[in-house]
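Structure 1 and structure 2 below are the same protein chain in two forms, each given by itself as structure tokens.
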Structure 1
Amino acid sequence: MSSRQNPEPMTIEEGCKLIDAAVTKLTRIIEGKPEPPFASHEYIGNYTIVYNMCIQKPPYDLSGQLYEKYGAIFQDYDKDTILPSIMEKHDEYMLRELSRWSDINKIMVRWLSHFFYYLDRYYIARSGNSSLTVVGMTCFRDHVYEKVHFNVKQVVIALIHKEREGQQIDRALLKNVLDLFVQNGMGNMERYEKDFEDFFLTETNSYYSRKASRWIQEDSCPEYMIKAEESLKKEKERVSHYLHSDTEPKLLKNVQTNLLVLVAKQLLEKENSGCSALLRDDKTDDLSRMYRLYHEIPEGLEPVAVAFRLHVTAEGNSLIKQAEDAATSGIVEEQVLVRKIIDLHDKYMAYVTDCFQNHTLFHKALKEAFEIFCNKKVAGSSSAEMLATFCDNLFKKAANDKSNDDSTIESTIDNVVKLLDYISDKDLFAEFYRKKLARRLLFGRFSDDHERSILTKLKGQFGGQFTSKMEGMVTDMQLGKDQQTGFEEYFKNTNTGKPKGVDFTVTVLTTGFWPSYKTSDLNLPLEMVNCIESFKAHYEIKTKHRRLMWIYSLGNCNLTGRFDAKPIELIVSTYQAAVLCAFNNTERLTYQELIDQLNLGHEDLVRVLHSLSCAKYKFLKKEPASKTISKTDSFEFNSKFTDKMRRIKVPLPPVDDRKKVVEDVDKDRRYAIDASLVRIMKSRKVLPHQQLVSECVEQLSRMFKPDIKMIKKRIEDLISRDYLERDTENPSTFKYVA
């Protein structure tokens, strides 16, 4: 719009008189006093006054003086009206008054900025002075805020203290007041931080320090944690309702330090209610709360993880102690012990998953705990052997009882693989397992699905080399079925018939896959010899490049014993069958005659004769009738033998092959160490002794924990075989000999 200039310039006194009248009317309106609102012509008139005073030609241009007049209006109003009104109030009433006058000041700034708008558009833009809004807000800060902020801060902190103690306060009022601290920073947080936040955090520190001192004495660990969690929750609510968001991390750190960090040792070790007690009593809810509280704190979970590791270790050691006490009779109950360890692992893995949210610290603690007690021996039996025996019993039982739930067995297999991961001597487990697998396969006490399932899982966990021999053994059994079918066809298609009254089954084993077995040139009965010759003829048709080596110690036979009372079917080993058949042509034989006739070793013959004449079933009568076998004994067929069973399985006394397995594993370890040392030196060429040993240990520790002394011996052996040589200047450094 256009305006007409006065014929004569307006003086500053005339203009200020008109402006003062407008300001007086404005203050009465915004203070809520009886005053009619501005009419549109009055609003335009006020703007026009300022406009006319600013567009006058120099020296009558009054823009600078009007700018100063604008600031003076706020300065006078703040000092004479707003500040006295606030200062005469106390406590919460002072906050309400401050909030009310702050709102009035904002309205006044908005209205006067409109009246003086021409200054903003032209004078301020050219002069670079602060805008009208900034001038109004700065005056309020300098003449009101600076005089009252200390008292206001004290009242605010007192109200927050009341709320912490459970009283109701006006949160909206606190929000408005604290926003003033931020607004008076004019774009930065310095005022809020220095004038309020620092004091607030100091008071918070004192408050929760007092609370922690009292609670830690009065409450149990779960009760304390409930209070701490509730305190943190309420402090977060305070931030969302009236504190600035920048305060949250500082506030929570303050509370966590006082309630959790400084009392962590005392809290977690509380007698009858600390971390160990919670684990002992299966207080999963409290353990979850402990995790929630401490996982936000740097390194806060470490004491909890240590307590968890110690507790699990103690539980595991207790199981080992129970097993040792039960093994005083010389029999270790692998099934019971391993099942208890599996249950223990399931229980505490659930803690790691649910209570501790799969945190890596607790996975590590669980692993370390199980590695401690899972590598302890029980009555001379290593954990590797016990786990292999457990698997053996599990699979034999599953093969015999077809009603077993496959999902349960699969779950157990998964747990076995997990436990094996904690055992350092994995190669020892593999050898024991292979020995027992061989017996299961050869005696038909296996389920192909279960055997392949565990091998698949072991392969996935420990690599193909770990299971390659065992997989070859299972494959051999499948090929053996096809081999036997071909053998049967061979009899049908040739004039060669089976020896009369004899059924003959052969399993061909690949030497590299199966454990090594003792062989002997046993003199078999003629019927068995004929069967063997028949199979040889068949096999030579199939291949001329393989040599068959017969392992009679693994064979078994079904014989019919014709006793006076009744015939009885006997299930015996090949050795036992050979001894019994020796009595077909004579009733009495001496020990020496049996050795000469059968060409059987002394140790094997003693075991066989003991099983036939001194054990539960006495098919042979021994003279003298003692419980031990000697070279002067004589034996005769016991035709008077009888039993209520028509079919009897005759066991051989068990052979403890543990020593041989350990020796075989030690031999394999020497080869593995040699290979590792050569591999390392081939790639590095020159290495100090200590580094070579540590790299060798690191390479091999996945399968077994190599002995440092053995590594040193293997290094010396490789030097003597010209694979390595010592450095002439530094004897503790080795070089690879290409």
Structure 2
Amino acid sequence: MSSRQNPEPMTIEEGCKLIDAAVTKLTRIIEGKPEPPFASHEYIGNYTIVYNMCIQKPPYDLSGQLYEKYGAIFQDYDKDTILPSIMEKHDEYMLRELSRWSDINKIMVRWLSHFFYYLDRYYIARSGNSSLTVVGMTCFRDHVYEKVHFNVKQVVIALIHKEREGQQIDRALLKNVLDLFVQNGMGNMERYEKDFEDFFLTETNSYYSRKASRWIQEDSCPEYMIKAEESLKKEKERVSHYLHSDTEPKLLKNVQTNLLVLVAKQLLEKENSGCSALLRDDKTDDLSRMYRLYHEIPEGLEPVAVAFRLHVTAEGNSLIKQAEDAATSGIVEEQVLVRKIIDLHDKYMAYVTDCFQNHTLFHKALKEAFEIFCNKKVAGSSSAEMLATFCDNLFKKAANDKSNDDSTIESTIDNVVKLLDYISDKDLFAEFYRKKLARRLLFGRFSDDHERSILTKLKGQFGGQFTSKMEGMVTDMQLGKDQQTGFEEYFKNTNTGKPKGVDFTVTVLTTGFWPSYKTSDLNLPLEMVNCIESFKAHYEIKTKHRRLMWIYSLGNCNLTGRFDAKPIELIVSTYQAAVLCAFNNTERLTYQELIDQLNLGHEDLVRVLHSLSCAKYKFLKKEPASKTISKTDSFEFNSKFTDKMRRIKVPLPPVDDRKKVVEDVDKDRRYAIDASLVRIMKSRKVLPHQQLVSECVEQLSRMFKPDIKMIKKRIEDLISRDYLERDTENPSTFKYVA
């Protein structure tokens, strides 16, 4: 390049002429018109023109004017060439034009930036003006984009609608066009958002709103969900194909709101196909889909969980009602009911773990549902009692029927422990269970393994205090066996007072572990008295300072009845045995004589006599032979009795102690509430009423749900016993009295 020697400074007019020529050539090239490309000397020449004009000495330093010229080039080009071309076209063609001209513009910016490069380096740097690239692009934005974007947007949205309706469209074109929107934001997404995205989302909103209204009417829940899932998938694809990634979350939220959130209630509650029906009919796929769809939405799972809970509650309630209806004469079939509830639990827990991915919301819903119906009474029996009876029957059967598979017993035990969690009166269950456990243990109908297994599981779930007494009982039985061996050893060695021909077993129970039983001053037959005395002697040797309290009501006895036809072995309770043995000495006894001789209470004697003379086996003849016992009856040994069996078991029906159990538990609850209140007040010293009540309820909730009125009563009792007092200034606050 040779610099001119002292040339005449070029004026702006002269320069512009040259530049214009170059520009014309350039535009022809980039517009694809036949035009030879720039030769390298032309290229350099163009650069030089600008360079020279810039370095000329003032007043001929034309940088500023050149800068403006640069801007003007673009302006003119945009206004005169680009814009009209685009405006001529419509629809897709307009988009293509826009895309084409945008590319052209970019090339032009690049080329001209090269020509005017010197400006960029010095003038712009010094003056702080926008760079050449920015000027070029801004021009395009202001003179082209601004004028066409509205229409372009309309076209784009129309195309998207077409695609939504299933037609093919030119995705690449849309991508280019939308990229344009982004680019014209000049660094931020405002243009894209304001000029396109907002409209797009509004359109999407009404589109899916319409679809939702139609589908919800026409389709079943599973069908609808499939369509919803499909729609979401398609929209996601749409983003990857031509929308900006920023749009994705807004778009999906839009679709979800319309298709899933606004219609949630209608969808889930659809008759015959909604959540309830799906649960009922084991439609795991559909339920999984439901979970997937609603999981994406914040708080979207809540209506599903509610529907789940309502359904489970309804199912449970209907089981309860069935049992209530089937309970003839007030006796409820708890075996059936508890089994059904266990099955219900397994079924719906499976849904929670599989379809609902173990989500806490659904665990909670299941729990709440079960807590509602598991605490209902059926024919007067509380659920606590029913569950205890269920266990009783389970273990009694298992002890007899060794063929029962241990693992099924174990899994049933697990289920029982789970169910117990839902029952609020856990202490009531413990009491019933303890009573029945006592009978099982004492009448030999238990398996040590099973008993220990359930106690371990209960302990694990509810704490040691819950099971301590019951564990003590089972241990007593274990110790009892050892003790019995010791007792028998005693006789072998000492040979004193061994009762003639009577095998005698004693089980020593630790008071406190076992339920309390009434003692009675039953007059035993002589043979039994000897047994008792000899055991007493033995026990006194072994342990001092312990008092034995004999509970004859729990004992049982094997007698041989010497009937005329054949002797039959009778397995009866001690009371029954005592009555029967009374007839060893006399043929006939009146009721009154029996009372006097045996010293039994009337209630007990009536029960016993009924079982021996009015029930299935009539060992005694009753006069008069009516169905009930009256105090004027007399009895005789029925020597004519016989049966095909050689051994007969005559169970004495246990007295219904449900009322007593409930009373005992109520009493214990009162103590528990007292203790809890004192404990709380002792540590807090001063506490307002409501907080005291709620803390007390919280503390006791593991065992039972305390009645608020009962708590209030206990508080008042504690006040009158000077444990607590009301604050004089604030009577709804209590103070601990040290």
Partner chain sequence: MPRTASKPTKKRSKPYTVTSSDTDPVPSASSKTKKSSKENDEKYKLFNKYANTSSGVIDPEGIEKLCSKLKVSHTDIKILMLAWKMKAERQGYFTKAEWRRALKALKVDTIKKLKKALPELEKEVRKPLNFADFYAYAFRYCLTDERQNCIDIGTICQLLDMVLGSTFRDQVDHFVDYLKIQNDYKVITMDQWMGFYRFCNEISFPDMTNYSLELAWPLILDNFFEWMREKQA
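Superpose the two forms; the largest set of C-alphas matching within 1.5 Å is the rigid core. Since we're looking at a predicted model, the values are computed, not measured. Residues are numbered by position in structure 1's sequence, first residue being 1.
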Panel number for the form predicted on its own: 1
Rigid core superposed: residue 519 CA moves 2 Å or more between the two structures: no
Residue 703 C-alpha moves between the two structures by 2 Å or more, core aligned: no
Large Cα move at residue 150 between the two structures, threshold 2 Å, rigid core: yes
Core-referenced Cα shift (Å), residue 208, between the two structures: 3.9
Residue 179: CA movement between the two structures [superposed on rigid core, Å]: 6.9
